[in-house]
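Presented below, as structure tokens, is a lone chain in the form predicted alone.
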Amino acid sequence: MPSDIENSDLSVEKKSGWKMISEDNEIDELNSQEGKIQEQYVIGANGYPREILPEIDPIYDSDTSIEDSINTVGNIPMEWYNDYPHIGYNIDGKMILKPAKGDELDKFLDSMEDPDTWMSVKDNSLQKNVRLTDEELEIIRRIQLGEFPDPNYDPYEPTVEWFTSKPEVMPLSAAPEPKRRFVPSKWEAKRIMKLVHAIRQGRIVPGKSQVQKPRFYNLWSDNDKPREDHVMNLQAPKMKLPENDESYNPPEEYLPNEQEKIEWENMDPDDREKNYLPKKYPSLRTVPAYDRFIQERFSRCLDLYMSPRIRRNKLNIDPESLIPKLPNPKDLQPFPTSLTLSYDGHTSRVRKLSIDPMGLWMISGSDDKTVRMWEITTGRCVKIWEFKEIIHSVAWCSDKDLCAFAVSCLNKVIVISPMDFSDAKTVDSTVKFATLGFANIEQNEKKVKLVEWQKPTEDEKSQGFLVVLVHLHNKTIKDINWHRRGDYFSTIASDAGNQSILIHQLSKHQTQQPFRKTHGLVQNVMFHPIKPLFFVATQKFVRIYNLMRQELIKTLQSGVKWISSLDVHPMGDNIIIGSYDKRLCWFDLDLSSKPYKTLRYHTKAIRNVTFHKHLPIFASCSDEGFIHVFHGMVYNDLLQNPLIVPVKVLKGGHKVVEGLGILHCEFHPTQPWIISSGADHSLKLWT
């Protein structure tokens, strides 16, 4: 029987310890045990028993209404479906509609009604809360406890040696051994020969120590070791050495008495000069342990930790030496110091005054519609001119050979000559110079007229009127400035647009419009005393133009809110400006386009600033009723900056009326005097 089984074609042999079984006997035996074992077996194509699985029923009778549709969109941002009514597609390709969303109150009510809320999380793919299974809750619990998520994982299982350290008897490769493993290296031989050659020449001494130890050295410290000369190599601060009063048996003069002990104990610990009191002990054996040992060790560690690690060169500079040493004001005389004369006669505020180049006469224009001529030394009013409108500006001609001044009244500028107070030769030359241009008016009729040069009437001629300029823009002329030669003068009408600045030539009766467009409201203009330059001050900037080249040279940035006045130094290299925001700025034209100095001595708006024509002084007046006088020395050396020193404050001359104080001030052309006009209807002479 066994031989028949071995020779049978139907017999099979199980490889992994299977017994030899027969188709007739063993298969029937497996199939007969249906009551005990539910599986049935048949012989497969490979000759081994195969389990017979139950047949698949094509009719799926399970209820799928309670199952969640699986979203198959993949790992994409769900924000892409914000504008659509669905959130993806299921496995059948049908849309998965968005679940209904409630507000925060609905979420709160749902969480209170649903006891399983704490076991649910939001599924981003389905846009709704999903309850976690028990297995997932167990994983979360194990992660919170710091355990492994898989309960079947054993971190202490024995190591499986996947690779062994035992050498194999047979080599992995049958390649022959290379020749370099048996022949000495040529490159190593060359290297050795270099070393031998260096030893023979003495460049390398074998056995020689590189660093020679000093003969004498410190046993307890390493600070005597040489260090590299480097910025970062800084030694730690050394501890303070003990003093005599720290001895256990100090001298008697170091021991404090009872009163000193009480004072030391009552003092604040931070105010004490020393944090201990000297004490005396009969022997070293009776000295107790130091009670501040821990505190001092800690402070020592702080010293080592907080010590600076960079070398800084400390300069012992006296703070007082940094303050500039200004000269004594007495050494800077002469300058005006006191009130000498008062010119009374006007019945309203005096807007402007002007002094003739010789320093004998002064004219003043007021809101009472009069122009008065004064004798400076006596204060006597010698002549009065009456007008129909308010006088805004008066300016005396800067030419000493001419006796004339200009008056602005509305849109008119009138040139007047006080004939009774000058010699006949000067009067004749002045009249001839001023009226010579009427012959050129007929030739200039073809040009565009900016002003009309009119002849005065017989009544006006008797008062000294020479020429009447009527501006066609019908705006108020605010200021008049003469050129140094006395032939040209400029007028300012801030509201006239591109005609706000006009330059007139008295001898030829010609008018020029230098700018087609002005950058902002013009506040003041000045001619350069030497060069053909023209200064134009707007609200915040001062622009310097070259009249010969007809180009902009420089723009000065004042840094103030509103410029009120402007004046140029007699040498022409420095200018000063005053502002309504109480600041005076000094500009050095050779230095920068920004102020060299900004002075803030006034408490109210500055109305006018002025230079003396010969002395190194300048002044400013403001609505507070004060005049500040400064010493301003300009040196010929370009490497030396100007010296500016405040020397005097002139008070008590003018009263403040309706918030206005001193409206204008001007220095005498030859003497260290200054004359001021104010809103209190008066003019004052300070000497």
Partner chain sequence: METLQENVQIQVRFITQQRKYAVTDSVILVPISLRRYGLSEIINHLLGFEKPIPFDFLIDNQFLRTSLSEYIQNANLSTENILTIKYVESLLPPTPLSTFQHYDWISSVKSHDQSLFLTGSYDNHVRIFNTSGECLKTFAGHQAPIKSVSWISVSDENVTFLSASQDQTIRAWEASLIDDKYLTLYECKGHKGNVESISLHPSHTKFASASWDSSILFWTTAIPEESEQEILEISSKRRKLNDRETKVKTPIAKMHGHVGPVSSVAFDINDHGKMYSGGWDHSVRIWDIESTTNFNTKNCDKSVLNIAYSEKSGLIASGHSDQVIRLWDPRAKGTLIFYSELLDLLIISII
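Positions refer to the first chain, counted from 1. Source: prediction; values computed, not measured.
Below: the form predicted in complex with the partner chain, not depicted.
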Answer with yes or no whether residue 687 is in contact with the partner chain in the model of the complex, where contact means some heavy atom within 4.5 Å.
yes
Could you confirm whether residue 422 comes within 4.5 Å of the partner chain in the model of the complex, counting heavy atoms only?
yes
Although the partner chain is absent from this view, report whether residue 428 comes within 4.5 Å of it in the model of the complex, heavy atoms only.
yes
According to a 4.5 angstroms non-hydrogen atom cut-off, is residue 339 in contact with the partner chain in the model of the complex?
yes
Of these, 372-380, 567-575, 263-271, 407-415, which stretch puts a heavy atom within 4.5 angstroms of the partner chain in the model of the complex?
372-380
Using a 4.5 Å cut on heavy atoms, which of 396, 385, 489, 361 is close to the partner chain in the model of the complex?
361
Any residue of 648-686 with a heavy atom within 4.5 Å of the partner chain in the model of the complex counts; write them all down in order.
668, 671, 673, 685
